[in-house]
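As structure tokens, one chain now follows by itself in the form predicted alone.
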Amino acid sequence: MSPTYPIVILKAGREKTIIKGHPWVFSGAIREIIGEPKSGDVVCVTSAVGEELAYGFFNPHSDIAIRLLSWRTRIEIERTFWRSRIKDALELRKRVVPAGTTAFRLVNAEGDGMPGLIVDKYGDYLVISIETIGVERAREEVIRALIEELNPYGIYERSGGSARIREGLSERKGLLYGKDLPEKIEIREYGLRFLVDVMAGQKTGFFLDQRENRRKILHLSNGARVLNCFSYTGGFSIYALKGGANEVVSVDVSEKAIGMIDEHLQMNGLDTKQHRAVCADVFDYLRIDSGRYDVICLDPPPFARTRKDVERALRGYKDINRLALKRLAPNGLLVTFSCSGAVDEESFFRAVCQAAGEAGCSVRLLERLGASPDHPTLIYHPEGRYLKGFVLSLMESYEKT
């Protein structure tokens, strides 16, 4: 027998985005609730005239009141549901993850029909992050489904951050299943070797979303002097040297992260003499550095985690790009990113354009960049496309009057 769910009725006209495929229902769109759903329960969403539209996890304490799991099709949320969704996600990765790559995102929340669940695969280990109350309540079923489908050596949880706090959940870290993780897991990406600290590193240990953009840097770096800002453990730096860069300078505020770059150079048979590591604040470094670079990569941490941070974040993006543009050699390339989900692509682009004007530069847009294809997003869910990037070419510099 199909389960009976509480019903959430939308206000008139508020069903349009749901019909198109947007995966969120905001609290302000709700007219009436029939039943008494608790946080994390599945509810049926209907139009104002009673047409069944979708099913999703309910949270009365969040602005995003419902995160949708299915459109039109009635579902039952138990282990077979999770196993089916995880199996579908794995099949997609088999198509889009390149050969010679052992680390990738297996589950990308809404993009894989599992809102609030992130699963990254590092070799034979999985790292999961649970960000919503609905997945939190299904945690044991999710873990069992992952074990059955992937048979990993171990599963480590890193559930935390502002999204989890907004859902009313506390932070949680630790081994959930299997063998203890090694201090560092070795992974391969397009055949290049890296070490990942999944217990204490940034995100789940490595910036998997930048894989294709790192490969882009490889093709842009032949014979170039490259500056990698916010370098972390040197992903872009390794690709630049592999691509034939004459010199790479890596700048990051974390001494521990900078210290791992030499290990990565040696693991990949690259000349350490062609690399220089600088432990410094990137803003400060760009203000005092007098060098000129053929390629500059800017991959800062998120400047805006919520809407209220956007204005300040845009000032930060403008400033850091202005400083970087001033350090470009003639015909140099700037590869610049924002990973702030609260900052949309066009706002970020405007900030970069303002930076060019303040730097006294004429620049050309060569390409727009995004996350690797193992980070799928729904086409009507622009909020899911958090990683935005541009490849810019310096056409000329001029003295401002």
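Note that the structure is predicted; figures quoted are calculated from it, not measured. Note that residue numbering begins at 1 and tracks the sequence as displayed.
There is also a form predicted together with ligand SAH; it is not shown, and the following applies to it.
- A heavy atom within 4.5 Å of ligand SAH in the predicted bound form is found for exactly one of L92, L175, V253, I143: V253.
- Out of the listed residues W82, Y125, Y232, F104, Y232 is the one that sits within 4.5 Å of ligand SAH in the predicted bound form by at least one heavy atom.
- Residue contact check for E76: none of its heavy atoms lie within 4.5 Å of ligand SAH in the predicted bound form.
- The closest heavy atom approach of F236 to ligand SAH in the predicted bound form falls within 4.5 Å.
- Using a 4.5 angstroms limit between non-hydrogen atoms, R214 touches ligand SAH in the predicted bound form.
- Using a 4.5 angstroms threshold between heavy atoms, G316 stays clear of ligand SAH in the predicted bound form.
- Picking from 288-296, 127-135, 199-207, 326-334 the stretch near ligand SAH in the predicted bound form, with a 4.5 Å limit on heavy atoms, gives 199-207.
- Contacts of stretch 40-54 with ligand SAH in the predicted bound form, defined by any heavy atom lying within 4.5 Å, are made by none of its residues.
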